[in-house]
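Just the one chain here, the form predicted alone, laid out as structure tokens.
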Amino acid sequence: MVVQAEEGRLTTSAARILVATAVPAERDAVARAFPEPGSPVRLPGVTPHRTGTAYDLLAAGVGPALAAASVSAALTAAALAGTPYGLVVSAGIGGGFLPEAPVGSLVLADTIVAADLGAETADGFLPVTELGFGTVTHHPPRSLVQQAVEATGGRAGAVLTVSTVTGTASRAAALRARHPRALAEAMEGFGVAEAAAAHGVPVLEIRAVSNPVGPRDRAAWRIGEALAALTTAFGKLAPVLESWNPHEHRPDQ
């Protein structure tokens, strides 16, 4: 059962907000931003944790495919119950492109990009759109991104979704060459955005940087620091998410 939000509590379509992370550690980091610990709510195929009057927190799984499937299941269950979500947030930690996104910083996606969805050719990588089908980008509402940046002190830019995490300097350079506005990479944002778009629900992506994008150096990872930054960010972000009104803005705003 999906509980209806208190009347007047949320401006975001007077509906709950679905926050999708990859793994439980990220979900729990978001949950620590709220006074209530949250409790599991069993829906067909997924079990989000409900906290307060506003949020369902879902560990949707690793990678764009599982993230899309899990988020779509939650959105469908809510819609069938007559209480659709008003916003979906893809949240978690990720790699940052130096020097713009150092470890510990926050990135808000103004563009969510499927960076490795396409084909390798003799002339280089071709995105699926240049093959004549599909899409490779989603754009969160500009007004929401701007308000989120102002509230959290994060930086707005492109966040790349990859199915294979970058582990070499050459691949990091290739990604930046194709996407010069890229600030971070992660594995779920595009899948979450695809599910949200299919249901006509706006999406936002936030990443706390845990490591540089490039050669894998586990000694340089700061996962604990990034999770703590995610908690702090959500404490500041929550009022923005709850007051933002999608009906006051055009889709490109």
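By rigid core we mean the largest C-alpha set that fits within 1.5 Å across both forms. From 1 onward, residues are counted along the sequence shown. Keep in mind that this is a model prediction, so the values were computed, not measured.
Another form, the form predicted together with a small molecule, is not on view; read the next lines as being about it.
- The closest heavy atom approach of Gly94 to the small molecule in the predicted complex falls within 4.5 Å.
- With a 4.5 Å cutoff on heavy atoms, Ile223 counts as touching the small molecule in the predicted complex.
- Interface membership of Val62, defined by any non-hydrogen atom within 4.5 Å of the small molecule in the predicted complex, is confirmed.
- Proximity of Ala78 to the small molecule in the predicted complex falls outside the 4.5 Å heavy atom cutoff.
- Partner contacts here mean any heavy atom within 4.5 Å of the small molecule in the predicted complex, and among 195-203, 30-38, 181-189, 47-55 they occur only in 181-189.
- The Cα shift for Arg218 between this form and the one not shown, taken after rigid core superposition, is 2 angstroms or larger.
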